[in-house]
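Okay, here we've got a single chain as structure tokens, the form predicted alone, with questions on binding and movement later.
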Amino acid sequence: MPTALVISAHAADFVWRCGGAIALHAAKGYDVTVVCLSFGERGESAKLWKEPGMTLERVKAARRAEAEKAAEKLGVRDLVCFDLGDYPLRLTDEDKDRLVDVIRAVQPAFMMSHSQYDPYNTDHMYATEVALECRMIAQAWGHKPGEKVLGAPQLYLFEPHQTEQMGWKPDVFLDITSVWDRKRAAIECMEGQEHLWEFYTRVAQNRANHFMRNSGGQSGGRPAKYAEGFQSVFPRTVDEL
């Protein structure tokens, strides 16, 4: 059974940014694991904090419930919540060891995380820094000798909120039209950030235009209604171009 791993800084990130990829690969038979390093309870839950008498634990519970509902809509096999806090997000060496254990257990064919630079939300770029470090450790034969080491899964960086400021440049467009209803249903689970529902719908529509243009455009390009963009970190190894 092929597997995939998503490392998400906050509870909603995997939904907006790669929910289509998750649903599409789950439909193809992949076991998809999502690691949420935090619930985004401090910095990404403004709507909830505006309610009178709100507490941190209540916000976390609400965000966990949203993430669980969204993961179910997308077909996630395993949602792993580290609950490390956000704004700022920080991992200890013990937390990193735990993430390495997850990576080795999943043995993903590919991984996904955030853009490598994000001046608006440093939790995002920190999550990818951690993902790269833990990927490296998971490949080390001297780390917990006797365990199965990791191969060389591609790390795809999913689309950030403001691409120009993040220096994110997509080199892969994925047609998610067939599973858009699942992604939209997952998006609507994130009630704490309702202001982003239509924004990420428009992003998917715009990327569908780029998918068609880069698959041939008016000279036989494949039409798509919804797509997601990704930037790959590592070279690909191929037998023909």
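Note that this is a predicted model, so its numbers are computed, not measured. One-based numbering along the sequence shown.
Although it is not shown, the form predicted together with a further copy of the same chain is what the next lines describe.
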Taking heavy atoms only, is residue 39 within 4.5 angstroms of a further copy of the same chain in the model of the complex?
no
According to a 4.5 angstroms non-hydrogen atom cut-off, is residue 156 in contact with a further copy of the same chain in the model of the complex?
yes
Classify residue 112 as contacting or not contacting a further copy of the same chain in the model of the complex by the rule of any non-hydrogen atom within 4.5 angstroms, answering yes or no.
yes
Could you confirm whether residue 196 comes within 4.5 Å of a further copy of the same chain in the model of the complex, counting heavy atoms only?
yes
I need the one stretch from 31-39, 180-188, 66-74, 207-215 whose residues put non-hydrogen atoms within 4.5 angstroms of a further copy of the same chain in the model of the complex.
207-215
Contact check, 105-123 vs a further copy of the same chain in the model of the complex, heavy atom within 4.5 Å, ordered by sequence, gives 110, 112, 116, 117, 119, 120, 121, 122, 123
